[in-house]
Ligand code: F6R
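Here we start with a single chain on its own, the form predicted on its own, put down as structure tokens.
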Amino acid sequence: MTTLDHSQTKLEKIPVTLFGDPKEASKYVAEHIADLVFKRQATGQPVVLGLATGATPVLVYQELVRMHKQDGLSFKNVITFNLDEYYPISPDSPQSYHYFMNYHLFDHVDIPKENINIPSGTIDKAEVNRYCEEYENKIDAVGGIDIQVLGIGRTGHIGFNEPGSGFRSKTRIVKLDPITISDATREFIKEEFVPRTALTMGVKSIFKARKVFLMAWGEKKAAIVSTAVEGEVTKEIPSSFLQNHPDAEIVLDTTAGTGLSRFKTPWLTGFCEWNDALRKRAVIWLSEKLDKPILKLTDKDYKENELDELIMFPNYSQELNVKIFNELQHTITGWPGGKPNVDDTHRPERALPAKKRVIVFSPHPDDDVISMGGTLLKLVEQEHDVHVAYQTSGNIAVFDDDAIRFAEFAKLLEGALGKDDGVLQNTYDQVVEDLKGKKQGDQNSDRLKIIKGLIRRAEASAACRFCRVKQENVHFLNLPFYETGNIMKKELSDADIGIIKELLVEVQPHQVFAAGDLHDPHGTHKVCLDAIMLALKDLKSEPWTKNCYLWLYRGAWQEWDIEKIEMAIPLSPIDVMRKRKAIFKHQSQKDTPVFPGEDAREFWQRAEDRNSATAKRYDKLGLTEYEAIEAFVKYTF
């Protein structure tokens, strides 16, 4: 847990507690809940909890279940009220919050069923207003909520209190914001399946809680967290109302806190302990704020923007500007595997060995070309021994219709070739039968998993052929954690890590490229990165690891901040077009992918826009203008 003096947090209007990772932070919240439950049990009193759903509180519920099973934590005196529920929706639907709460908590503890309260998604529409009033009255009747657990949505919503929700709002039916609907597609597969309305406790209902924990994990929540904590109180950011709650606490992991001024722009909060990385960030910030190239910044610019500490004597700005400009310039290289026969003192990659063994790890069967397709093409062209390793089958991200189409093609091929054994005809009929009874959210049958996985595999092979990666260097790892047939995945296991280790030992790479893009809506990227990190850690005693660099790429879901980039690979218009063609080989992901996330653009458009934006930022800072740039950060393992 991180604690700081008041000067560093002076812009924060709600107390913030930071932890190194979500697990540690979740344990902190779970322990607060458990402490109150134990205290009330001793006096025979109930505890009333307000509970949230979504990815954020899952680890809290896991810790509570562990404490129940191992530490004797009983829920017999616990009464719960959930914040919200989609409307209309059946309680046994895998996307319902009834299903979520049972799956993650209630089915694993001894809470009496009559003590569980979740808004009903099946109440008759004519009865909704009366039902909501009764839900509110029921909370009041048990003395109000003792601890309310919250997450925060991308719009700043708490519960389903979308932008525009007033402070006096109570439990009611609401229309969901288009952004919330878009975000929900990760559970509902298609946007048209997402309910347009929901039942939710209001802001005033939440304010009745005596203690509120608002939790957020990951870099993708950093911007909205900082707005809620440091911005003005406004109904356009409903979570900002918590600034006026008598006992609200924001609980974050480190990455979710990166948008706070104490981390992002600490010079605005008071005295800074300057280091090279912070100076670089400050100079880039000033350049972009004033829309002036770095080499044009003056002493006056620094002094008028609270960066006096960087200019300790006259005209020092010129020396500082040149230093930061050179650092940025040294990140740019057209040789991602290192340029042979040159002085590599200021280059991101080593000159030797001239021909390197490289593994490009791709969490899904298209992340490689989406995120670093231009770099992959250059590595192959520059004659490095490039391996591409697809960590998961990606089989849930294929539409059912594509599975039928390919099964039908196989059936027609069987007939066209004069094969009369009927095996493929049978397969086609079975696929059609599998899909007849399949409901939204149902797990794919084993047959469908195989067909969808083969579709992704064939597309990945086609992209590798286009990039001229040797066929024998293309590896389909099919990590077991992914193979559930639906969105919910298994925990990372020794089997997953062992598969990664086996490939690393076989290739003994000089370079490893891995996805550091952790905005992926289902968390697969993080699990895949964890598997690589753990494998490399286990292999650290191997001699070849001493000469192995790990480069992290982004692009499918987010991009690196300029100050963090350590290798920038410029792309020409021709490079961009070739990268696009490689991405187009993934036809099942073209037009509208199964899991588009919060971004309506196709993956190739996202990648090009992000690569173009990075190039424009370099250009505006005063560096060479390129069509696009793929960016990488080096990770020391």
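The structure displayed is predicted, hence computed values, not measured ones. The numbering used is simple: start at 1 and walk along the sequence shown.
The protein also exists as the form predicted together with the named molecule; that form is not presented, and the subsequent description refers to it.
For Y97, a non-hydrogen atom is located within 4.5 Å of the named molecule in the model of the complex, even though that partner is not displayed. Residue contact check for P46: none of its heavy atoms lie within 4.5 Å of the named molecule in the model of the complex.
Among heavy atoms of P336, none comes within 4.5 Å of the named molecule in the model of the complex. Residue contact check for I583: none of its heavy atoms lie within 4.5 Å of the named molecule in the model of the complex. Taking the partner from elsewhere, no residue among D402, V431 and I451 has a non-hydrogen atom within 4.5 angstroms of the named molecule in the model of the complex. In summary, the region of this chain contacting the named molecule in the model of the complex, judged by heavy atoms within 4.5 Å and restricted to 49-57, 572-580, 25-33, 604-612, corresponds to 49-57. Of the candidates C464, L83, A256, I145, L83 is the one whose heavy atoms come within 4.5 Å of the named molecule in the model of the complex; the others do not.
With the partner removed from view, the residue among V386, I532, A198, I152 that has a non-hydrogen atom within 4.5 Å of the named molecule in the model of the complex turns out to be I152. In the model of the complex, G151, I152, G153, H157, I158, G159, F160 are the residues of 150-164 with at least one heavy atom within 4.5 Å of the named molecule, listed from first to last.
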